[in-house]
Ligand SMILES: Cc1cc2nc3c(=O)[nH]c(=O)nc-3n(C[C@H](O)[C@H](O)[C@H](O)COP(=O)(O)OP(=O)(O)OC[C@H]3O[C@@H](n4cnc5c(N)ncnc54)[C@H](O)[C@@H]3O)c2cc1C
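There is one chain below, alone, in structure tokens, taken in the form predicted alone.
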């Protein structure tokens, strides 16, 4: 099932950047930088940096995406960025309709792929392996029952990953390009996430907002994203009327720029 109507990223431009010297500093974390139609990853490895720009081809041309990537790299490697060539990777964000059929199970990227750096895919592999090993069908008669349970469980898990990824875009205050505005359009937001954000207009995410014992992301994960992005509840959601937003805005303390 294609999810491009929710998660717009469908193209990546990747490049390897060697360090200037053997003793160059290495970033201890992945750096992600938002762009007008996507974002750039920058991963420090032992002998090089892995850098790439993922973007929506609906909202940007390849030429524009390449220019933004060169501009980003020029900040660290200067004029060398002009001569770089990038590897283009097409992405089809989506998941399977069924993950288990009879005795065949899709695990890892054969089950689905949504966005680069989406580390929950690793967790999904661990959960799949645990489920397969602990719930091997005793006979052919029980195989369909196990398959149905597995498909229901992993459809729920993938839906939660989609909600969590989409949250990063929805909670953003950016409105300088169609990509960011379209991401906040309720038509592109899953109903499940809309319902949660309606709740979070009035309070923080709670463990009681989720249904499963083993959730892909706990309430704390949602709190980290919302608080880290300085999310202002109903004023930023787009799920309340303009009149309510104006009244709420008038109640906010005034800040100087």
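As the structure is a prediction and not an experimental result, all values here were calculated from the model. Positions refer to the first chain, counted from 1.
What comes next is about the form predicted in complex with this ligand, which does not appear here.
Looking at residue 107, you'd find a heavy atom of it within 4.5 angstroms of this ligand in the model of the complex. In the model of the complex, at least one heavy atom of residue 125 sits within 4.5 Å of a heavy atom of this ligand.
None of the heavy atoms of residue 130 is located within 4.5 Å of this ligand in the model of the complex. Looking at residue 183, you'd find every heavy atom of it more than 4.5 angstroms from this ligand in the model of the complex.
Only one of 73, 167, 147, 121 lies close to this ligand in the model of the complex, with a heavy atom inside 4.5 Å, and it is 121. From the list 91-99, 78-86, 183-191, 108-116, the contact stretch for this ligand in the model of the complex under a 4.5 Å heavy atom rule is 108-116.
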